[in-house]
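This document opens with one chain alone, in structure tokens, the form predicted on its own.
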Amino acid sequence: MLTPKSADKCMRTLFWGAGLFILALLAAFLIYLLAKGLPHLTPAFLFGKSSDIMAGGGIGGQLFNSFYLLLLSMVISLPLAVGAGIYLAEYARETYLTKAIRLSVESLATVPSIVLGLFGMILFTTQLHLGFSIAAGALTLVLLNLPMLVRVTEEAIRTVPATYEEASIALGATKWQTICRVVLPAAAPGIMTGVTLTAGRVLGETAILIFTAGTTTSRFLFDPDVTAGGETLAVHLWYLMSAGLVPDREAISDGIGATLILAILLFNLLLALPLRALSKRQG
């Protein structure tokens, strides 16, 4: 029979092994994708039009669309999610309305993305006559973003010690001033973690955008037209490998995979550095 000290040592070794296995798996995944894709990441490939190079062309339009859709969907969904999270954590009582809101958020989180894509196609693309466009894709992505952002915001606010609010109110601050100047800054790291996870999901989303933003792009870099076709990197990758019409599709797909990995890593880094500085400042 193991002694408590031996059992603790065994469990510690087991946990370390699990962590190192996950780290090794991630490293192997990144090394494999980057080794295949980095040789294709030339300026002409990253910023060229679809007809500039190779049979499949460059990915300049798709690269712009990916981040443009991410920006538009976050601009719409983040204020709604933060507002809903504040209401649920600070103002809502346990009523039927509160339970209905939480149930709706959790139900929306379980809906498959392809169902959201079909809903967006029926509502935004067809009924509202937006067509296959950036606008239709961004509005449908809001439905994908909201559940995670609302839950993360609510939980991040609930983790803020109650003594913070009590001290602020004791000093004469109103409820809203306390939320804006004390609670939200303290909950910011948790909220931004949710933003990071949601952003990664948006950059890799395909099912929703196939039905709403389309599989074509008529734009080049820095074109803000929301009525244009909204093919993203992930959708372009799916199209190349499923259609099988482009002779150099494997080379382009390798380049797109490496671009997506680097884009997500860069986005996480850009958010992680301010969060680390904010955490140190609060500490």
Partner chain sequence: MTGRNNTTRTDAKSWHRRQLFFDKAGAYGVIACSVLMTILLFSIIFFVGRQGLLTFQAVSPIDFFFSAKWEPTAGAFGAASFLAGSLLTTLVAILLGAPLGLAGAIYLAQVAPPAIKKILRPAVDLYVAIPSVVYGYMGLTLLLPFLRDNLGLPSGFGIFSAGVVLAIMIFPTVLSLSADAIHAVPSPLEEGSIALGATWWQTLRHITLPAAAPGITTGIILAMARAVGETMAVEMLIGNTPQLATSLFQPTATLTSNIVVEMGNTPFGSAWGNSLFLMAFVLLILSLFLILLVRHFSARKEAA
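Note that this is a predicted model, so its numbers are computed, not measured. Numbering follows the first chain given and starts at 1.
Missing here is the form predicted in complex with the partner chain; even so, the following discussion is about that form.
Every member of the trio Leu23, Gln127 and Phe211 reaches the partner chain in the predicted bound form with some non-hydrogen atom inside 4.5 Å. Site annotation in the predicted bound form: the residue of Leu116, Val183, Ala135, Val152 reaching within 4.5 Å of the partner chain with a heavy atom is Leu116. The single contact residue among Leu46, Val226, Leu33, Val246, judged by any heavy atom lying within 4.5 Å of the partner chain in the predicted bound form, is Leu33. The chain is drawn here without the partner chain; in the predicted bound form, the stretch among 186-194, 67-75, 154-162, 93-101 whose residues come within 4.5 Å of it by any heavy atom is 93-101. In the predicted bound form, the partner chain sits within 4.5 Å of a heavy atom of Ile261. Interface residue remark: Ala7 is counted as part of the site for the partner chain in the predicted bound form, having a heavy atom within 4.5 Å. When contacts are judged by a 4.5 Å heavy atom cut-off, Met241 counts as touching the partner chain in the predicted bound form. Interface membership of Leu171, defined by any non-hydrogen atom within 4.5 Å of the partner chain in the predicted bound form, is ruled out.
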